[in-house]
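The data below hold one chain only, encoded as C-alpha cells and taken in the form predicted on its own.
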Amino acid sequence: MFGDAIDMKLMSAEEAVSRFLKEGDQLSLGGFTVSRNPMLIAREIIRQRLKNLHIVCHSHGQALDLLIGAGCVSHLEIAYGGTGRFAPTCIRFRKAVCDGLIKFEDYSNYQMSLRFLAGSMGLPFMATKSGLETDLVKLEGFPVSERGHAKIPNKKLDIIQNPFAETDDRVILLPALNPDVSIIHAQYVGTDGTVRIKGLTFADLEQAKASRHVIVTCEQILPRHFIRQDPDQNSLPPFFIDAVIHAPYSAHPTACHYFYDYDPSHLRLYQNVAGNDATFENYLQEWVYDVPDQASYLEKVGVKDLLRIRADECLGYAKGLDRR
C-alpha cells in the first residue's frame, strides 16, 4: 500500500492480536488514565475472548478497566488506575480487587517506571531509595505460592545495604519487567516503521523497548522522507515494532494530543453503567461485540461527537470542550 518497509507490518487489529497475543501472556498498556489508551486493541482482545492476561503498567485508565471488566485479566501490577473525575479509581478495577477476581500487586509510579527501564536496558533489577519508608515495601499482593512462576518475580522487591557505603544506607532493588507484548497508540508512524509520539510519552518507550513484541496503533502514516526530517521528534525505531494498525481515533474515548481530546460524554456514560454487572455487560455488547471494527465503532460514536472533541491544532486539545 505505502510502498515501503511498513507494508510488511501493516495489518488489522484482529490479525495483530491473533498473531502476537495469546492467553496467559504478560501485556503492557501504553498511555495514561485518559490519554492515548490503546482502546482499539483492548476492544479486539475482548472480542477474541482472551483470558488470564497478566497486565503491567505504571498508571492507566479506560483500556485497563475495560479489559478487567470483561474478565480478560488474572494478574495486575500497577501504580494507579483511574480516569480523573469520571472515576478517581477505575470502577471495574476496584470491583475486581475488592471481590478477589484478580490478583494485584502495588508499586509506585516511579517504581514501575524503573522496572520498565531495567527491562529495556537488559538489567535484572533497578536500585532506588524511593518508597523505603512506605507500606509498599511491607505489603505484598501476590500469594507466596505464585512467586517465581511465569512472569511473577520470586519476591516483590528486596532491600539491601549499599555495598559502597561504610554506614547504614539501604536501597530497594526492583525486579525488571519484560512483557510478552506491549500495545501503544501513537500519533504518527512513518512508512519505514518509525514511531513518533507527540506530547507526554509516559512509560511507553521503556515498555516497548522491554517487550518481546510491540503493537502500535496510529492516527496517520507519514512518508519516510518526512518523518526523517526531524529525527529528534521520533520516539521508536522500526526494528522495535512488530505490527502497525492505521486507525484514526483508535484511542477514543481517551485523548490523543493534537488530534482529539477525551470524550466527556462517553466517559460519563461509562461511569453510569460500569458499577453494575448487568449494565456493564450491556455496554460491552453495545460498544465492543456489536462493533466488530473501527469503522463501525466510529459510526456508532457519530460525526457530531467526533467533531466536538477534535483538538485545536495549536493547543493540542479541544478548546471550549464541556468537560463536566
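Note that the structure is a prediction, hence the values are computed from the model and not measured. One rule holds for the numbers: they count along the sequence shown, beginning at 1.
Another form exists, predicted together with a further copy of the same chain; not displayed. Remarks below refer to it.
- The putative spot formed by 191, 221 and 265 is not touched by a further copy of the same chain in the predicted complex; no residue has a non-hydrogen atom within 4.5 angstroms of it.
- a further copy of the same chain in the predicted complex comes within 4.5 Å of a heavy atom belonging to residue 126.
- Residue 71 falls outside the set of residues with a heavy atom inside 4.5 Å of a further copy of the same chain in the predicted complex.
- Residue contact with a further copy of the same chain in the predicted complex: residue 283 places no heavy atom within 4.5 Å of it.
- Looking at residue 150, you'd find every heavy atom of it more than 4.5 angstroms from a further copy of the same chain in the predicted complex.
- Scanning 292-311 for heavy atoms within 4.5 Å of a further copy of the same chain in the predicted complex gives no residues at all.
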